[in-house]
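Shown next as structure tokens: one chain only, the form predicted on its own.
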């Protein structure tokens, strides 16, 4: 998989301070995130770009929003007329914004509880950095391999997964690419918007089955 530039984010992010996403998103932090209109706008803009990269081959596709949080991406996808299922490990996130119509599922995105070949696309916005953030951590490697193997299984043929995330450095991107190549039959690439601007940089992992 391509990796055409080098970077290393110096600023410490929450996923580096907290071991698990459940430790960070709780109490006031969870509420502030879930009710942030600014965060909603950012997530919807990223989701719009992810949908562009999805390139659906079927009409009326069914989409999984993996790591959906309070449903910012899922609600936007549904407003556009798509069928969508939201999934998140944090149960309290699934109580916001009346997202019952999104069929929310409380589960770990590394252990998705779905049958094979049922989704026409998978979108994941700003979640993967919580799953894999340390190239020396074998547990994280196992979790990521589980995630990508499940994603491959639940996608229908000729479908895509588009994963936007915030890796700390290019080493993480390279390791992710290697694990995908060694453990699945996905083909894919990184699409990087604004690669030289850290504030506007958006990294998308686009995988096709």
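This is a predicted model, so every value here is computed, not measured. Positions refer to the first chain, counted from 1.
The same protein also has a form predicted in complex with a small molecule, omitted here; what follows describes it.
A.B. asks: In terms of non-hydrogen atoms within 4.5 angstroms, which of the given stretches 64-72, 172-180, 152-160, 50-58 touches the small molecule in the predicted bound form?
C.D. replies: Selected range: 64-72.
A.B. asks: Answer for residue 130 alone: is it within 4.5 Å of the small molecule in the predicted bound form, judged on heavy atom distances?
C.D. replies: Answer yes; at least one heavy atom of residue 130 falls within 4.5 Å of the small molecule in the predicted bound form.
A.B. asks: Taking the small molecule as it sits in the predicted bound form, is residue 120 near enough to touch it, meaning that at least one heavy atom pair lies within 4.5 angstroms?
C.D. replies: Answer no; every heavy atom of residue 120 is more than 4.5 Å from the small molecule in the predicted bound form.
A.B. asks: My question is simply whether residue 102 lines the interface with the small molecule in the predicted bound form - judged by any non-hydrogen atom within 4.5 Å.
C.D. replies: The answer is no: residue 102 has no heavy atom within 4.5 Å of the small molecule.
A.B. asks: Looking in the predicted bound form, any heavy atom of residue 110 within 4.5 Å of the small molecule?
C.D. replies: Taking the distances in the predicted bound form, the answer for residue 110 is yes, it comes within 4.5 Å of the small molecule.
A.B. asks: Taking 25, 87 and 126 as a possible spot, do all three reach the small molecule in the predicted bound form with a heavy atom inside 4.5 Å?
C.D. replies: So, yes: the whole triplet contacts the small molecule.
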